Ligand code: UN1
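One chain follows as structure tokens, the form predicted alone.
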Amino acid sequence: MRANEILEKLGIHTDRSNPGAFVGGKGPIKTGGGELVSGNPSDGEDLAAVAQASSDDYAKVADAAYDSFRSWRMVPAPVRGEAVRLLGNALREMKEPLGDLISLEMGKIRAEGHGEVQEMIDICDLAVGMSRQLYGKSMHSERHRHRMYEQWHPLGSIGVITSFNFPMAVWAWNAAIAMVCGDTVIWKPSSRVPLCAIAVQKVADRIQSELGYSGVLNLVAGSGSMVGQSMLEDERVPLVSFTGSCRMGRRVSETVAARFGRTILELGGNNAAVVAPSADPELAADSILFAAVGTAGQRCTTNRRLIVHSEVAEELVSTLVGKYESVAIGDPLDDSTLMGPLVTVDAVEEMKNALDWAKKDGGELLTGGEVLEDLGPRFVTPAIVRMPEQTEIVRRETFAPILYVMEYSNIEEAIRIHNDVPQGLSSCLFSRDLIEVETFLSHMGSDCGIANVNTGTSGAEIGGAFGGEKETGGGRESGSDAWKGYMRRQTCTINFSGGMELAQGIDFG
């Protein structure tokens, strides 16, 4: 009954298929991509069906987004910001059912689901301010009576491909910023969580319709082979923002680059916490617990490695084992639950295989790794594995709640272990030693896009640019100057001298 109530509040149909393609402000279009049934990972029960978009349906939505771009880019940026403000207010009104839907369809606990909707609201607030701050620079020319400056123009229709683990927030990171920049958006959500996307699109549709806009925020829920591939190859889409695995990220990058398009890639993370002897042990333990167990280990910023000084390793690991064994696992819609299910049974198998591999490499399973069959086949206990060294399985990202523990003797060794993985998203150090802190944050320190001190690897705020290095993709989303990725830069020179003067002192006759 709880599931039906949540779906009903959001206008999701349980008695017939829900439309999977929308031209923003004009509503759904008829689709031909076949039916997809979305399920609840907690109990395996079907939630609702979606009429998926086909390649032809994608083309119709993309046409509308491209046509809309030509008028949307001419709307003054602060006026575009007002549309984003109203979108944020509409999301505020629907925060509870949207947050509950995330828990229902994706499986993260209620507090995290509601926090994800809050991220959407926060990024809308940030984008409203940005709409009056799309600054260009003024430069001094070497030529007499010449003025130089740069300005930023809207880029076009932006493709946004999101992953299952943040089924709403990552779209908002892109959509809110793209809107104020003057771009239109085509959203292709993960096929594991299409209902989350449809619910958000319905909110966005209402705002666009009330304001008299169409085709600004659009949705195409369909398979990667049809809709996703169409987007990657579409020359009308100058930028594709993709969140997902490194394997798929390579394909996205290669396909879009072949047509000279741009990408923002948010790929894998193999994030580590370094714990020094001077660290506050309770702060470190609590921070690591949330970062490692939150979203059942299915965050790109999940803490997957613990690199702890040998002097404090025994005490910290013992504390963590105790905390892990007290984690409340169960229904993510129950407010007392701290960890919900993994998204698929395949994810559970991947976790089991990773633990078996770690044991063959000399790892010692200290706690966890069990399937809680009484709750369901996707519920597991979070695992801690002590490793003798950083083996191949530790260097891989397993999207599950596994924490590998390794010891170090000095900060230089800790940084070497920390950086010796292909991924480079998030990192953290727990220390009250100024030299260690500055070393970790210096050029010789963490090689990640995010480096924290005395706070965990998860829980980034929207005010800072989010993204990583190496196989994480190098993209940036959300705050700071990430807006520049959604625009094109133009350098302008004005000659008001009345004559021709060339740069570099060239005399042409």
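From 1 onward, residues are counted along the sequence shown. Everything numeric in this text was worked out from a predicted model, so none of it was measured.
Just so it is clear, the following notes concern the form predicted together with this ligand, a form of the same protein that is not shown.
Checking 163-171, 128-136, 342-350, 230-238 against this ligand in the model of the complex, the stretch whose residues place heavy atoms within 4.5 Å of it is 163-171.
Of the listed positions (His309, Arg305, Arg378, Arg299), a single one reaches within 4.5 angstroms of this ligand by any non-hydrogen atom in the model of the complex, namely Arg299. With the partner omitted here, the residue from Gly27, Gly44, Gly459, Gly34 that has a non-hydrogen atom within 4.5 angstroms of this ligand in the model of the complex is Gly459. Residue contact check for Trp483: none of its heavy atoms lie within 4.5 Å of this ligand in the model of the complex. Using a 4.5 angstroms threshold between heavy atoms, Glu105 stays clear of this ligand in the model of the complex. Although the partner is absent here, Phe466 is a contact residue: one of its heavy atoms lies within 4.5 angstroms of this ligand in the model of the complex. Although the partner is absent here, Thr243 lies within 4.5 Å of this ligand in the model of the complex, judged by heavy atoms.
Taking this ligand as it sits in the model of the complex, the stretch 257-274 comes within 4.5 angstroms of it through a non-hydrogen atom at just one residue, Glu266.
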